[in-house]
Ligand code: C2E
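Just the one chain here, the form predicted on its own, laid out as structure tokens.
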Amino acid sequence: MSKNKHKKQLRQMKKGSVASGVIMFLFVNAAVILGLIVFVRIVVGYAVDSKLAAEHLAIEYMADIYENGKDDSVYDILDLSGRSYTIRDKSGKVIHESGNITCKDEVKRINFQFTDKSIKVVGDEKLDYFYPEEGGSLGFNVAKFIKDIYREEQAVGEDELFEFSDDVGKAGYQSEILSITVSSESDAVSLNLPLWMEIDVKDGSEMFIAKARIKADMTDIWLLAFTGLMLLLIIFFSLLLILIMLITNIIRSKRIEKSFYEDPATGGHNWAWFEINGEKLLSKGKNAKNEYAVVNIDVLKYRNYCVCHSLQEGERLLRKIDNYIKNSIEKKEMVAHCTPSNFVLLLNYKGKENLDIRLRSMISGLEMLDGEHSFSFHVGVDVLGVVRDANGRILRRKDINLETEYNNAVTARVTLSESEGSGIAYFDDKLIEEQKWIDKVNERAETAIEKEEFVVYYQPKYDPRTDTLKGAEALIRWDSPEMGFVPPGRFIPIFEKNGFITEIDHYMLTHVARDQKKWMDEGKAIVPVSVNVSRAHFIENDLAEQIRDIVDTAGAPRDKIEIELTESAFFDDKKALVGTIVKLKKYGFSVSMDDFGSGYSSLNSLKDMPLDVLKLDAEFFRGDMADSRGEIVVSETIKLAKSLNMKTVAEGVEEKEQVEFLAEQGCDLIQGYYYAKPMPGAEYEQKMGSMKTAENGGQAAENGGQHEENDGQAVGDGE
């Protein structure tokens, strides 16, 4: 999984865990608060409507008295109400007025909230708290009201506010807004909020405007205060609940993040944590001056340990390793478990020598981690030096890619694969060039097949008793227009790893069969040619049929094609291998085992495999054949083969004494530089045409190029 995908998944989990809870609780609390506000508006609206209706009814009564009055005595009656009022005509001319007239000139019509009734109102110039809103409702200027109350409290001292009077036996304060009374019997507080109401009289020719007071007594004040307090409490607890949920979700998010970054086997950190946080650490400006190393540690034979003990024991071992490494590194260094037997580290170091000492000390400690078992570790290291510009200034690591650095460390570690003991390898320019070569080979492989850049070379096999050509082995070379002439050792191991070797097998079989058919049609006495088939091919159930069809399509005789297997193939599915060999023999092919003696199960393989030819590994003939032990092994092997009705071929033979010894022991064929090196098809065709060699081995060696430079002998003769 890529780094960006890891980050995206983590962001989504965090966002989902926190945001969903916040959104849900915001929605619920908003609904509760909105509902409460609506409820308060209904309660207050109903109370205001009731008080407005009562005041309007009283003023209507006064207007009726005026309208039904016959003389000026009606004004005396109206004055008894104690209200300030004014009577005007349509032009605004005052007909009569009484009291302190502070009404404005502008008249507005307002609607009751819970009835279809509407009234005309006029604002007060001095205490202008009420105002008409859009839609005909009555608004209230809370800010101005609170400001005036505060100003009034500042203007009147507490002593003056509550000074008792002997004649009334009580103390208090009275203003146009606030009325406070304190007595031995009761305390009373009331608000008087002025609003002028207008009623048309005299058939609309006159206007009766009187001052209404919207009074709020203690009951109203307590109800309003209680409702306000409840609203504040609900808002407070809602916000508190949201805060609690936020904290809970943050904790849950941290747990999710920990789970996302946790390795199930060790309980420590995994690759995602290492990659994301490691790149963050390396890209910080303050760390630009530090040298770092990405280290890959592989536990050798970890699978074997799990098989011999248990998976649980294997995980217990991994936890011990993880804990040991954690205790061995510094605070700002990192370790993570990334594959079943692999750990990755990010270490800060000063000098490669110190890093090497530190790593060797760590490996020594890991080797002694368990007193009952001995462990080995392969370590690959990719160092990240300080980055500088052309002027030598230190640059910040902006585009660091830890996955690339980790792969480099793994590439270095893989170079130790042949070693069974602990070791450390560093990634360098040579490995970079090797990786580039591997990439180049992989990129050009398909094209090389299509353009037939692979060339078949033939190395003859001779009868050592008669020095006559009796067979050959087909070997591959790559004549690339871009890369030049490439020996097999430079590309065959790559193809064996990536699986392309099966395409090479088909290619070689096809071209050898075509050559055999061509030479046969030309009247040449062809001899059997052995063709290597890789072990990767033997997982296919129809391999024998594939080989048969390729040879038959080319028109070559089956008995002139020998299928050559390496000894390593016998370590795979033996039952399937035996079945394929039996079918090949049934179809008329001979089958040989290459490199006999290079492994450890050769004799056991001979017991079960119905082979036709046994090829003795070239290592038998390296050095001095006068060694009696070596001669005994070779001699007895030839006898064993004959007892099993198998022919023997000795490969890698270069000395005359070796040829004479093998001929004396009854070896059937010899393949090696003593007689001939691998050669192109045209040159082999000439040798095949003569069907003879020189009269003596020395001359044969001279003709064959006994000591010519080998263009790939070490690995070329084997493929």
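All residue numbers refer to positions in the sequence shown, first residue = 1. Predicted model only: the values in this text are computed from it and were never measured.
Another form exists, predicted together with the named molecule; not displayed. Remarks below refer to it.
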(message) Taking the named molecule in the predicted complex and overlaying it onto this form via the surrounding C-alphas, would you call the pocket open or blocked, using 3+ ligand atoms within 2.4 Å of backbone or C-beta atoms as the cut?
(response) blocked
(request) Can you check 531-539, 392-400, 345-353, 86-94 and let me know which stretch has heavy atoms within 4.5 Å of the named molecule in the predicted complex? (result) 531-539
(message) Checking a candidate spot here: are 64, 79 and 194 all in contact with the named molecule in the predicted complex (at least one heavy atom each within 4.5 Å)?
(response) no
(request) Consider the chain as shown here, without its partner, and state which of 593, 475, 209, 412 has a heavy atom within 4.5 Å of the named molecule in the predicted complex. (result) 475
(message) Just to confirm, with a 4.5 Å cut-off on non-hydrogen atoms, which of 293, 325, 492, 448 contacts the named molecule in the predicted complex?
(response) 492
(request) Evaluate residue 651 for contact with the named molecule in the predicted complex, applying a 4.5 angstroms cut-off between non-hydrogen atoms, and reply yes or no. (result) yes
(request) Please run the contact check for residue 278 against the named molecule in the predicted complex: heavy atoms, 4.5 angstroms, yes or no? (result) no
(message) Contact with the named molecule in the predicted complex for residue 684, defined as at least one heavy atom pair within 4.5 Å: yes or no?
(response) no
(message) With a cut-off of 4.5 Å between heavy atoms, is residue 673 one of the residues that contacts the named molecule in the predicted complex?
(response) yes
